[in-house]
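The chain that follows stands alone, in the form predicted on its own, written as structure tokens.
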């Protein structure tokens, strides 16, 4: 497994692979890898000749006061997990992605509006910009993203479509702990008592989905779920919405392509989740 530490080393490896006509698969991450990340590696296995896992904590997607400075950087542990999992040909850990004077960024709209963007308006511009740079530098033919960050997945699909990028995007299902909590690097921030409460978010979403399927009024279902989430001990609900899974447009009645999206605070920790209805 190659460890590539800058775009020049990445370019050298890519030149050799492309000369051989190999198909390049990319697994973009911010590191601090867990089983959810490794499931992305498994999802893309067999769909590419060479697979690159990227690890980069992207400053453009963090606002002032967010956890950029403390976000876990665990490179050596990540390398060991990737070696143990198998199937990763290279890890791209660029030491620098934004040269001095960098002044160009992607500004997505469409599915990038609403939900995450309401309280984190900087986020998807940062995500789209870094993903486009990673696609360019790795020569990606195919890339995989997790469904847990569902709006992010849709933003990347939109960018690829709108900018005619020759990259196939595949989605990998959310990986959960045994109690239902969606795996996330930020779960490590939870205090033990908070960790006991955290799975109730997914339970409340499952209950709401069941009632929506039964034809009950969507707003009533969402209000009940919100009340139950707060009663369980969550600090704040950023959003809990029901939308079309493709357009993310709000839906007020049950649809065969429905999706629940949620972001909540438990203490100071922000958790997100999604559930297809």
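Since the model is a prediction, treat every value here as computed from it, not as a measurement. Numbering follows the first chain given and starts at 1.
This protein has a second form, the form predicted in complex with ligand AMP, left out of what is shown; the following refers to that one.
In the predicted bound form, ligand AMP sits within 4.5 Å of a heavy atom belonging to residue 145. Looking at residue 209, you'd find every heavy atom of it more than 4.5 angstroms from ligand AMP in the predicted bound form. Residue 34 belongs to the set of residues with a heavy atom inside 4.5 Å of ligand AMP in the predicted bound form. In the predicted bound form, ligand AMP stays beyond 4.5 Å of every heavy atom belonging to residue 222. Checking 183, 190, 165, 93 against ligand AMP in the predicted bound form, a heavy atom within 4.5 Å turns up for just one residue: 183. A heavy atom within 4.5 Å of ligand AMP in the predicted bound form is found for exactly one of 175, 97, 85, 105: 175. Annotated contact segment (heavy atom within 4.5 Å of ligand AMP in the predicted bound form): 26-34, selected among 213-221, 244-252, 44-52, 26-34. Residue 71 is the only one in 64-101 with at least one heavy atom within 4.5 Å of ligand AMP in the predicted bound form.
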